[in-house]
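In the form predicted on its own, a lone chain appears below as structure tokens.
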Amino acid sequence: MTLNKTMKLLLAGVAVTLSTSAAMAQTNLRVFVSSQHRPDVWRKAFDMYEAKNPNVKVTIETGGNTSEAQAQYLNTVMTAKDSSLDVMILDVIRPAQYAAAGWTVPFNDVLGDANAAMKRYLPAYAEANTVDGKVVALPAFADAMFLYYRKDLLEKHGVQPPQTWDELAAAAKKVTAAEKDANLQGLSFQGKAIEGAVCTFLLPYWSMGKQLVSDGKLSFDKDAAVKSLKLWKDFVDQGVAKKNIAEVATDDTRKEFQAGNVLFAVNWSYAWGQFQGGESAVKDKVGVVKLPAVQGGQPASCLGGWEWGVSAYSNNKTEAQKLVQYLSSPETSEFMAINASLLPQFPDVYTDQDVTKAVPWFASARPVVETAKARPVTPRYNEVSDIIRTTVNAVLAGQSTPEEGATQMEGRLRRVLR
């Protein structure tokens, strides 16, 4: 064998070894992102991470346009101890549940001073992700419910943004009557038996100064519950909301408003970015204000938000935790606020010049997020949620009256929360 041939074979062997080593060094992370929360923009955030970490490849898995659909899928994956999923986005109500089930990995060892690390975030999210001193997830973004409205139509008809639900009903009737557009709904909100319907019920209930759970025990006010259910059903009966509102989920509200078919919409912050998209019929025609109050009450919003958890069954826990720390950083928070209108989980980002230039109303959104109320805190929240959302749905569908719904809700809740 000649010297040249020997050298070529040696070099080829080195190349194969290097190639194999490089392949072995690469970590492939699979991340579950809810389909309604701009996976297209999260993809760009993942691209930025990959650029800084060439040995990591991130693949997105999307699914479910409701919290329930996402949880159902993730519950199946976790129950099966499936190692194919490394990172998952979780509704703010779920980190404690997943930690209790042993499905997520704590971050304390990688955060250094965990208390100091969590103090950077808005308090509600530090609290939601800390269970018995363990940081079980890190905030992806904050959220709360707001009232979106057609700025152009209100200005056209000399109507101010409503401060009470009664004012909203009057404004909706006035504008829709004047517009004479059969496709224009006065108000869209979540009436389907999903997590959003829990918030639907609680908004006026809270506005009346009532709580559902206090110190882990039921503090149900039946009169307030009747009034809350009646408020939403009256919107349907008066023609302010459409007859089949009981079939409307969160993203249905977003799509209908974006198509120009809704005057007022109750929705989360993610909707704004899509309202301003190139294909939106309402681009530059949208206003945002805090939600109305009941007459004589105070405005109330429902605390939302999403969190990043690392699967306990991941084969890449260390790299997954590094990715999550990046995704939950001020840098990524600012990027997602500007490009996807997802509310920051850091107080300072709300007043960042680039953020307020891209999403001007974020400057006044922080007080709404900071005062938004958390859904009932209880280990049996899944049962509580099911009771509330199915009752709201039944009332809106005309299957029971507000009085019957409140009675049924109270009885079922008392069996769960003694």
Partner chain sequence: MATASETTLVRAHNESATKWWTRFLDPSERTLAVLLLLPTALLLSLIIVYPVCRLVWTSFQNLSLTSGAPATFAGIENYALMLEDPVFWETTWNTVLITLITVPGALLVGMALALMANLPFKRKWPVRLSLLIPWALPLAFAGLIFAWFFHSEYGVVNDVLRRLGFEGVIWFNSAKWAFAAICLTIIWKTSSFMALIILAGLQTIPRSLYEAAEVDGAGRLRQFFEITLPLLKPSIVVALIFRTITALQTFDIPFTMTRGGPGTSTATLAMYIHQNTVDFLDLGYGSALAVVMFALSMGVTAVYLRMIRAKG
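Predicted model only: the values in this text are computed from it and were never measured. Positions refer to the first chain, counted from 1.
One more form of this protein exists, namely the form predicted together with the partner chain; it is left out here, but the text below deals with it.
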query: Partner proximity in the model of the complex: Y270 to the partner chain, non-hydrogen atom cutoff 4.5 Å; finding: no
query: Contact label in the model of the complex: Q160 to the partner chain, heavy atom within 4.5 Å; finding: no
query: The partner chain contact in the model of the complex: A100, any heavy atom under 4.5 Å; finding: yes
query: Close approach of T401 to the partner chain in the model of the complex, 4.5 Å, heavy atom; finding: no
query: Contact at D40, K57 and S314 by the partner chain in the model of the complex, all three, heavy atom at most 4.5 Å; finding: no
query: Partner-proximal stretch of 26-34, 47-55, 376-384, 350-358 relative to the partner chain in the model of the complex, 4.5 angstroms, heavy atom; finding: 376-384
query: Of D221, E319, D91, E256, the one that lies within 4.5 Å of the partner chain in the model of the complex (heavy atoms); finding: E256
query: Listed residue (E179, E127, E331, E247) with a non-hydrogen atom within 4.5 angstroms of the partner chain in the model of the complex; finding: E247
query: Contacts with the partner chain in the model of the complex - residues in 276-314 whose heavy atoms fall within 4.5 Å; finding: none
